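Starting off, we have a lone chain in the form predicted alone, written out as C-alpha cells.
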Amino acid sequence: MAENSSELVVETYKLTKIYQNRQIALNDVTLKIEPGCVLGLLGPNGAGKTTLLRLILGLHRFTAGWAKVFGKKMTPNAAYLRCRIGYIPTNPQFPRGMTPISYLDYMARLFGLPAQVRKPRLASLIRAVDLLNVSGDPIDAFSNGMTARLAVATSLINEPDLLIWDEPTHGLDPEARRSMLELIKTLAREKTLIVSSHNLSDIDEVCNHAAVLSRGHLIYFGSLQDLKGRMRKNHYELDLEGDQKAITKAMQTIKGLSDFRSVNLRQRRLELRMAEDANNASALANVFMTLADNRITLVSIRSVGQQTEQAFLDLVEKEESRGFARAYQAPEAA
C-alpha cells in the first residue's frame, strides 16, 4: 500500500455511522484504495455496504472517523470531489418522460459541460452502452438491462477518475449481467472502481481486491487471491478410469487414511472431504499413490464449490463466533 496518502484514491480512518443514536450501521472501518484498484465490496444484506459507499461519497455525515477522496477530506459540501466520481446507486431511478439523450444532456449541463463537449460525449456514451437504437425513446418503457446501461452512461458523463457502483448487476437477466461484467472489465483497465455486490461470482470475475463487511465491521481487506487462499480447500472430486474392482479396492485403502472426513464413490467418481487439520498436498499425494498401485488412471481432479463464496462464508462465520467471544471477554478486560 502507498505510504503517501495523496497517492490514494480513497482512504478511510475509523469510519463509523450510527443512525438515530441506536443503529450502528458501520463501525471503525479503516481502508486504503490505490489507483487502478478494482475493489469488490462484499457482505450480506444489512452489513453496511451502501452506508460505506454513501459516506465515501459524502451523501451521509460521519458519526466518527473520516474519509478522504483524492487526498482531500470528503464532506457533504465537497461537490468539487464528487465531480470526479461516477456513482450508480442500487436500482437507479430516472425521471419519467425523458429519453437517454435528453437525460444525459441534462446531467452533462449539471456538470457544467459546454455544448461542444457535451454533444459528442453523450453520443459516444450512448453508443458505448448499446442504446443508440432507443436513444430517442422514453426511459420509462426500458427493461432492467437498458436502465442499467443508461445508469452506466450517466456515471461516465463527467469522465470520472473513480467509479462507485452499488449492486450494478442487481435484477439483471443473464445476458444483461454478462454485458455489465464485460463493461466493468473494460473500464477497469483505466479507472479505479468500487463495486458492491452480494453476487460473489461477479466479484470473483472482475475484481482484484476485496473488502468484506459483516454487521458494520470490516472483517477482511486485501487481495482477492489472499481471500481465496484463506478458504479451507477441503472438498475434491476425482474422475477415474480403470477396472471397477480395482477402483473399489483403492477406495477402501483411501478410506483407511486419517486425512479424510468422508470418502464416497459414485460409479467412477471419487468424492473426498478433507479432515480439518489435513495437509492437502500430502493427503492427495497418498491418494495418487494408491490409485497408481491399483493401476487406475486419474482423468481429472477439481476443487468443488465457488471458492470466493466459500472463503467469504468461512470469514463471516469465524467473525460471528469471535464476536460472541469478544462480548464475553470485554467485561473481564474492563
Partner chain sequence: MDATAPAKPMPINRFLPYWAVFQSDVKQALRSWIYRVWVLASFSAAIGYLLYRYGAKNIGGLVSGAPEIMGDLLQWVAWGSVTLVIVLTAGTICSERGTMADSVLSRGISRYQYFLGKWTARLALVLCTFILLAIVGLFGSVLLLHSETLSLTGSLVAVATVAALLAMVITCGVAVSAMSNNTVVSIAIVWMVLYCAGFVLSLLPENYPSPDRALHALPNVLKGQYDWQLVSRLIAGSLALSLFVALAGMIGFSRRDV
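Because the structure is a prediction, the values reported are computed rather than measured. Residue numbers count along the first chain shown, from 1.
Keep in mind that the form predicted together with the partner chain is not shown, yet the notes after this line are about it.
Visitor: Taking heavy atoms and a 4.5 Å cut-off, does residue 190 contact the partner chain in the model of the complex?
Guide: Looking in the model of the complex, residue contacts with the partner chain include residue 190, since a heavy atom lies within 4.5 Å.
Visitor: Hey, in the model of the complex, does residue 109 get a heavy atom within 4.5 angstroms of the partner chain?
Guide: Because a heavy atom of residue 109 falls inside 4.5 Å of the partner chain in the model of the complex, the answer is yes.
Visitor: Heavy atoms within 4.5 Å of the partner chain in the model of the complex: does residue 117 have any?
Guide: Residue 117: contacts the partner chain in the model of the complex.
Visitor: Is there any non-hydrogen atom of residue 183 lying within 4.5 Å of the partner chain in the model of the complex?
Guide: Judged by the heavy-atom cut-off of 4.5 Å, residue 183 is well away from the partner chain in the model of the complex.
Visitor: Exactly one of 222, 71, 89, 145 has a non-hydrogen atom within 4.5 Å of the partner chain in the model of the complex; which residue is it?
Guide: So the residue touching the partner chain in the model of the complex, by this definition, is 89.
Visitor: Of 259, 204, 161, 130, which residue is found within 4.5 angstroms of the partner chain in the model of the complex when only non-hydrogen atoms are counted?
Guide: Result of the distance check: 161.
Visitor: If contact means any heavy atom within 4.5 Å, which of 291 to 299, 271 to 279, 39 to 47, 59 to 67 contacts the partner chain in the model of the complex?
Guide: Of the options, only 59 to 67 has residues within 4.5 Å of the partner.
Visitor: Listed by sequence position, which residues of 85 to 101 have a non-hydrogen atom within 4.5 angstroms of the partner chain in the model of the complex?
Guide: Contacting residues: 87, 89, 91, 93, 94, 95, 96.
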